[in-house]
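One chain comes next, on its own, written out as structure tokens in the form predicted alone.
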């Protein structure tokens, strides 16, 4: 199948996303759990912040063995969040404010409580027997090549089922790209039952798009087809999905958790995140340090570039970033998020100035920015909570949004013991109300940076990117963003040392105008540029 042609929805080029973890955002009915009516109440805040799109974590029926990433009904909103009518109202109210809503699509696996899986468990053959991956005998050797393993002896069916993550998340059957002829249970990708699963995924997407959704973020997007070198067969399926969207829903977006934009955009996605655990691309920027790597993903001590020790290596990030930018130009977008529900908070070990610098970097880079709820006020990662709904260490990044100084940080009027997760108990915890009133707060600085981006085509997703000063294990980082006659230079020195850099400007003599930042002096003589930067400083200059 041919590569998807470039036809991204125009609204993506200027979009800034806000990620909402629904159970922790705002509780409207005082039961201790955030809900969809609560999100509706807070839409004006998201508009105030400057975001015009929302990624909503899973809100569908689930036994919540993995916080909703184990779906038991794709067509129904979980009762604790509200109803389908509530979600439809969220779409309408968001649209009134020119805010797009993208749902989390979890279709690599379901819950063990899904009716499809319960039917698949039966010994007698039925419509759903092959909708999941089962081998041909409980005591037969299992296929060790499958990433997350198998469950034995679960039901009366004489077989083991394959997992896609936790024990309660059986893998849906998208077929095997290279099936073993000696293992007839390994179905080909064109098997009728496999095709039925794929058709149902498109039905689910159409159901919510028809109701008013603006697209989907796809969980574990590359984990569908098994024994699939280079993810070729998986990519082919997503291209089919993209063709459906281009034809029937041309303004809808497809966002992937693929962690390789070159592959994901080629597979038909519009956006892919630059959080790459294996290659540490995101870690090189923000979390190489062990105290920031709360999930134990780094195997050795290191230093990220945005750390004041000044021992990071920006070149390791830029090598991969520029490669992905080159490979996806005109086809789709990378995304550098502030974090998400699976990572430690970006605020770990950073003060307000350092966090503002991180936001300035994200808002001046190419691609589509995503802000994880609460990062805009510097919410902390809260350690040592007992695991909730399979969160384990991730729970520290999923605590209630902090709206004000009232009970439960304004998240809920329920008794504290009924909250989904305890609120940050620190007396100096940040909150929206205080920071809204403080002109120099992180919240208001983030708002200014978002506004600068949105008013400057050069700083938006499609503006070109040119590194002007970026050297291995050296500071600062300086780059130019441009679009037509509009040009900006952005410079960052996260280290605790004063630094200077000399570089050549791609344009002639001009007087730089500081648009945001501090402690940075940029001088241009002809095409020779010199920048002096204080410790922990940044500058965004319009040329």
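In this text, all values refer to a predicted model and were calculated from it rather than measured experimentally. Residue numbers count along the first chain shown, from 1.
Absent from the display: the form predicted together with ligand GLC. The rest refers to it.
Note on the interface: of 176-184, 266-274, 452-460, 334-342, the segment with non-hydrogen atoms within 4.5 angstroms of ligand GLC in the model of the complex is 334-342.
Ligand GLC in the model of the complex is not approached by residue 52, whose heavy atoms all lie more than 4.5 angstroms from it.
Although the partner is absent from this view, residue 61 stays clear of ligand GLC in the model of the complex, with no non-hydrogen atom inside 4.5 angstroms. Within 4.5 Å of any heavy atom of ligand GLC in the model of the complex lies no heavy atom of residue 316.
Though the partner is left out of this view, residue 69 does reach within 4.5 Å of ligand GLC in the model of the complex, counting heavy atoms only.
Shown without its partner, this chain lists 431, 169, 135, 408 as candidates; in the model of the complex, only 169 has a non-hydrogen atom within 4.5 angstroms of ligand GLC. Put simply, of 165, 128, 237, 258 only one has a heavy atom within 4.5 Å of ligand GLC in the model of the complex, and it is 165.
In this stretch, 409-438, not one residue has a heavy atom within 4.5 Å of ligand GLC in the model of the complex; the partner itself is omitted from this view.
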